[in-house]
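Quick heads-up: the structure tokens below are two forms of one chain, split into structure 1 and structure 2.
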Structure 1
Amino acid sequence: MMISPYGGVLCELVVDLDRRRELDEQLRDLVSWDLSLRQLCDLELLLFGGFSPLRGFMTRAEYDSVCSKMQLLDGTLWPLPVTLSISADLADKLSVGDQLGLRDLEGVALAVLKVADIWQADRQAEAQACVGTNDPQHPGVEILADEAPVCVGGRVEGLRLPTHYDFSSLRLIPREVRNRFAKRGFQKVVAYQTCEPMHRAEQAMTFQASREQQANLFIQPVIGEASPENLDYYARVRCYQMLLPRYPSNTVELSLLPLATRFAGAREAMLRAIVARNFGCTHLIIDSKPDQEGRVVFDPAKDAELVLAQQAQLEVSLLPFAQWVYDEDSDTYLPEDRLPAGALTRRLSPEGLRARLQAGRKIPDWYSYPDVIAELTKANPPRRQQGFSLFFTGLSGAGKSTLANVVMVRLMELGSRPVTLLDGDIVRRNLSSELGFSKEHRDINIRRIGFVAGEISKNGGIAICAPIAPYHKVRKEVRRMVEAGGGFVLVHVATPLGECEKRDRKGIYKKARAGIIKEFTGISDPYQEPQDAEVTIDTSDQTPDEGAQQIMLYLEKAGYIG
């Protein structure tokens, strides 16, 4: 008999046709919220029952209970909050009892939320309780820091599931997966939820896990916030498809999982176990392999004890696996704790794989399969063949525009790619002329620059950007945008404020000091110095040619030119 959904019932929240027509009529008069990519993932899991027994976004009481006790209000084990954060402006327009339309990025109405609570989340306390730290560098803490504190909770009625045009045959909802399992006679099923491509080690690990449990295998790639612009995502899914024939026939299923990763260790492992159970799985492999940025969702040394203690309530057997490495003598992959004494092993880290791809070096056959290697190589050409963005940041008068122009000329002399200059003043005139200089408007301007730079880089060109870009958060957003399809190099033009004021040909610093210009970076508004710059240049003791040469040497060393 197949395992029951978590809580006993699969809670599908999409309403019938008659109710949908009613809600569509009401939506014309409702206030609406456009969901972020992460929020779309949570809503989709709610709508198709992946988060059963939840029937909506959490209220303050539910949030507090989950953070402090890992329980819903009825005592059911639930490890992580599922909340909907909104803007303060929208919250001011809402009252308990109202209905709120929930729309995708294109404005398509997906659901209606009946407002039961409007409240403030304590993101620092949430990070400490759920992620286990308040370290701002931890990816789970970074995710929470990006979420607005104002939340709205209440039950959700779904009008329709989000539309996906990519890999539609692989986007199976729990009911469909359960029907497939039933038709194929799958009763014991091992789930493997992965954010990375699978190679020989992962194939060996998953095959061994299903064989030891005398179970079938369900590969669930976590696609989370993948967007159509993310080229690696398409390559990754094609690699999974190539892997399926390497398992015994009629033993494996593949389906994409729109789950937003939280990097919350033991609690995230439990949440994933609940999702796996709702899809009909009895076991879940807890893979501790770091992703390409060195981030680990689950750390066996810290997280295994808490997770394994909850197995009885979850009713899903959790299978923590050690790292698997290649054993030359047996020409196969083995877990580290089962290697024979004196074994000669080989391993390649995700960072090592990425370095080889960026440099155009061969990926060894013992690491992966030829067709998978070919697909990854095609999707990740060497850096010298990729587009990239040079993003200059620094105070007004620091020398960004001068450096950008000198570097632009040098890159155009090479002639390897088309080069586009997105200077701060030029962009202000042509792309953001309606914006002011408030923090909100400055962030919008930088995001626009990042979007254009990302499109240029994705299509093989070089974008040179030279805004002030004073805020760390929006610079990180731009980095993520650009790196989805190309390279990103942050250049901090770290010329001291005093030197910038000496160069004040337009007198703008004097006006700022006098209070005539408000919210001026470095005077009445902060400049957050980057800690993640690839290149740092102080033009007070370097000529433009010397600074440009420093940048060109970095580009050569990093493999972008040469």
Structure 2
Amino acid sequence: MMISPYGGVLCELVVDLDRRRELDEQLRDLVSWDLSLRQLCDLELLLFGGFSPLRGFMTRAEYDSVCSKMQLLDGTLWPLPVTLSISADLADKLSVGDQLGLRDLEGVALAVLKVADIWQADRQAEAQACVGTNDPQHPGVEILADEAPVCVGGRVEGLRLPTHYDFSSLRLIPREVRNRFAKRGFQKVVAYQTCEPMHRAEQAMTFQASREQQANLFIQPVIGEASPENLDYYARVRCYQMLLPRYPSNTVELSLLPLATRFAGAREAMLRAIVARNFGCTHLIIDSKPDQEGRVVFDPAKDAELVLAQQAQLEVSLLPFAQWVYDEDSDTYLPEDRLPAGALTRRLSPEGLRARLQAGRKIPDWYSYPDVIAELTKANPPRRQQGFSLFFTGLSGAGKSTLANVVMVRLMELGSRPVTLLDGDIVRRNLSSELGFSKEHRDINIRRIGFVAGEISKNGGIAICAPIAPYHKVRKEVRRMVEAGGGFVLVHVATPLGECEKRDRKGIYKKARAGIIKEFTGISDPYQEPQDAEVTIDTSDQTPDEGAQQIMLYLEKAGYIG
């Protein structure tokens, strides 16, 4: 017998054709909400029953109960809130009992929510309860801080599942997966959920885990936040496909999981166990390797205890995750705790792998399979063949434009790639002429620069950007955008305020001190010093040529030029 869905029934929320016609008709007069990428993931999980027994987005009472007691209102164990944040403007237009259309990024109507509650989430308290910290640097806290506090809760009726044009044959819904398992006679199934490519170690570990449990294997790559424009994503999925023939035939299934990661440790593991169970799995292994940004979903040392205590209720066993390392003697991978004494081992960390790819160095055969290595190498050309963005940040008058111009000329002299200068003034004139200097407008300005820089980098060029960019969060967003298709180098032009003010070439500091210019960075508006700059230059004691040389040396050392 296959394991039952969590709560007994698979709650698929997509309605039949007649009801869909009715709702489509009503939708013309309904207010609607355009879902973010993360909200789209949550809705998809709800619609296809991945979050069974949930039938909609949570109300305040459900949210409070989940945060404080890890329970739904009927007492069912449920670890994490599933909420729908909306804008305050939209909330003002809604009342309890209304219907709200939910649309995807292109405006296609996917569902209708019957409003049962309009309420305010306490994201700080939620972070403390669910992620276990309020540290603003923690990825789980960062995600929650981005969510607007106003939420709408209520049951959802689905019109259709979101459309995916990428790897559509690998996007099985729980019902389809369960049917496949049934046809193949899979009863015990180990789910392996990962955000990273799989290599020999992961193959050995998943194979061994399923063999020990006398179970089959279900590889569920978590692809929630991977935008279809992210080149790595395609390579990653192709690598999973290449791995399948390395398992005995008829013992493994692969399907992509559109889950938005919450980085919530033990509670996240429980949520994933529920999702895995809804797909028909009895066991779960969560990859605990850090992702490209060093973020970890689950840390066995810290988080396993709480999950193990709840696994009887979840009816899904969490399998311990030992590190598997290459043993030279036996030419196999073994769990670290089962290595023979004095074994000669080899390891390559995710950072080590990335560094090798960036430098165009060989990936050793003992680490991965030849076709997987070829795929990764193709998707991650060495830095000298990639486009990149040089992103200067610093106060007005710090010397960003001067440095950017000198570096631009140096890179043009090299002639390796086309160079585009997106200086603060140029952008303000051409791309952002309607914007002022409020935080909101500055963030829009920087996102626009990031978008253009990302496109240039993705297509093999060099974008040199030189805005003030005073806020850390949006700088980080831009880094992510650009790194999806190229390199990103943050240069902090750290000339102190006193020096910038002393120079005051545009007379602008004087006006700011006199209050004629409001919200002026460094005087009446904040500048958040970057902690993640690749290069830091103080122009008070360096000529532009010396500063530019420092940047060129970094580019050479990091493998972008030379």
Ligand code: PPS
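All residue numbers here refer to structure 1's sequence, counted from 1. C-alpha atoms forming the largest set that superposes within 1.5 Å between two forms make up the rigid core. Not measured: the values here are computed from a predicted model.
Engineer: Would you indicate whether the form predicted together with this ligand is structure 1 or structure 2?
Structural biologist: It is the second structure (the form predicted together with this ligand) rather than the first.
Engineer: Could you check how much the CA of Lys502 shifts between structures 1 and 2 after a rigid core fit, in angstrom?
Structural biologist: Core-aligned C-alpha shift comes out at 2.5 Å.
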